[in-house]
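Take a look at this one chain, the form predicted on its own, written out in structure tokens.
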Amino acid sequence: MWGTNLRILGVVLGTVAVYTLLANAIPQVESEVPEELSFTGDVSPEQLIEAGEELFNGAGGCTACHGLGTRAPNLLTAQGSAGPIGARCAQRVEGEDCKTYLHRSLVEPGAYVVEGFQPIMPDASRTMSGAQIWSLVAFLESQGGEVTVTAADLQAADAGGEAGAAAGAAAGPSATTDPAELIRELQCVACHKLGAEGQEVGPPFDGIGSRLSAEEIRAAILDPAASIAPGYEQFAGVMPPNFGSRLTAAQLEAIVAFLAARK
């Protein structure tokens, strides 16, 4: 009896040790997660612009697509005869002022897709709080236009629960380890095909296990800029580099195993 119990205990301890070693062996890539913002009721346009500029050029990852003008419109320079985004945003959709258009473009990016570009932008509310999004709007308005974002916009976002929900998304997905749920929560299908879902911006998930090993899939998730799949060079920089800080080791391994099995 005691011998059986000791063997069971040995198996349990051995299993725990293996998973602990596996978790510690996973390379962790240091990456930026948009820092939460906190403003007082008398926040100034200058404060919002400064915060929005830091997000646009830094942790928000906006320049990966909007700083080149090849994957998405360059928002900081003139477009044709129009000026930068703050000067042209009010003319994009009839009946919508600049502030409304910019905010909706961030939280419903599929609503307006500029002709000649693909719908590759993710919903900003999945990774940013209401304050962060409104700061981005203020910064973009300042590019050739008047800043109309006020403290009331931030307060309305908080009152509606947008900030709290988005702040949780910024820290990471839910606690689930179901790979299919994680892939949808992380909006991977915004760029990768998975069965009938998704877009063809990045390599399809179907058959990825026959193209890449589990180690290569893990590396591509943690450091997407390290190796670009042939034929997708023009989309380099689109995939967020912060999954190493947003996923737990168990969640990462669940996704890797799921994708590696798709032969």
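Computed from a predicted model, the values in this text were never measured in an experiment. Under this definition, the rigid core comprises the largest set of C-alpha atoms superposing within 1.5 Å between the forms. Start at 1 and count along the sequence shown; that's the residue number.
Keep in mind that the form predicted together with a small molecule is missing from the display, and what follows is about it.
- Looking at Ala229, you'd find a heavy atom of it within 4.5 angstroms of the small molecule in the predicted complex.
- Using a 4.5 angstroms threshold between heavy atoms, Gly60 counts as touching the small molecule in the predicted complex.
- Though the partner is left out of this view, Ile49 does not reach within 4.5 Å of the small molecule in the predicted complex, counting heavy atoms only.
- Proximity of Val43 to the small molecule in the predicted complex falls outside the 4.5 Å heavy atom cutoff.
- If you fit the rigid core between the shown form and the other one, you'll see the Cα of Gly58 move by less than 2 angstroms.
- After superposition on the rigid core, the Cα of Cys191 moves by 2 Å or more between the shown form and the other one.
- Core-superposed comparison between the shown form and the other one: the CA of Ile49 stays below a 2 Å shift.
- Annotation for the pair Ala236/Gly60: C-alpha atoms recede from each other in the predicted complex, by 3 Å or more compared with this form.
- Put simply, Arg218 and Ala59 spread apart in the predicted complex: their C-alpha atoms are 3 Å or more farther than in the form shown.
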